[in-house]
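Next up: a single chain in structure tokens, the form predicted on its own.
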Amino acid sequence: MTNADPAPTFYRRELPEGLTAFASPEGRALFREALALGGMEGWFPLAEHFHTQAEPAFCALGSLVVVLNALSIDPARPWKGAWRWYAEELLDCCDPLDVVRTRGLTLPRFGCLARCNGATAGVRYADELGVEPLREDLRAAGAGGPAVIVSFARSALDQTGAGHYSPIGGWHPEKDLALVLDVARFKYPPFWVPVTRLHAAMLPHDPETARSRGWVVLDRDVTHEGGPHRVVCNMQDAVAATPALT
């Protein structure tokens, strides 16, 4: 008798056809072109804070950490020692981290989480809005405006896995490509994808909400007084905020 084979482990995957790896020669050429066309201004603060999600189901939290730090939002509570800095373990003002670790985060609750941590969050559902509104938000983000985080079905891009979140790092105006800064860098690298195909990947419904996936437009909330707020979220994305208890 022999011992059972250990569970398989994985080190990254090849990008499916039609997606262009950011660091490939083609991906670098697209970056240079998009930069010259003004579509990469938002990339610099995101790249400065880009990191890998800390848990397999933390793609929403990892994406939000990148954007909150890129927007220079002060969490107003310690991270490590004397330092204040956003990390996944601070994003617990909507759902316990153990719940997110096993179930992930729905799009309405993602918007809720962003708001209680000092950001404005405009949640857009792909089955309610066409490609052009997405393109307009990508244009603004690429020009250095509000950031965009997308929620899409990996299977619709011929990737493995289910729903996934990642920030958008830039937009190529002439070739209509979006740069997805995939926070699951252990699985796939950042990649360029046609905007129409990205929008189509948002259309499959999330079984948790029975609604499509979509994208969230985030900016710094100048009315936020600092620190997390305890919030009540529902599936209609209504939010009632009260100051967090210490």
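Quick note: we count residues from 1 along the sequence shown, nothing fancier. Here the structure is a predicted model, which means the values were calculated and not measured.
What follows is about the form predicted together with another copy of the chain, which we do not show.
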{"query": "Partner-proximal stretch of 92-100, 73-81, 119-127, 168-176 relative to another copy of the chain in the predicted bound form, 4.5 angstroms, heavy atom", "finding": "73-81"}
{"query": "4.5 Å heavy atom contact, residue 43 and another copy of the chain in the predicted bound form", "finding": "yes"}
{"query": "Residue 63: touches another copy of the chain in the predicted bound form, heavy atom cutoff 4.5 angstroms", "finding": "no"}
{"query": "Exercise: residue 55 in contact with another copy of the chain in the predicted bound form, heavy atom 4.5 Å", "finding": "yes"}
{"query": "Another copy of the chain contact in the predicted bound form: residue 23, any heavy atom under 4.5 Å", "finding": "yes"}
{"query": "Within 4.5 Å of another copy of the chain in the predicted bound form: residues from 9-28 (heavy atom criterion)", "finding": "9, 10, 11, 12, 13, 22, 23, 28"}
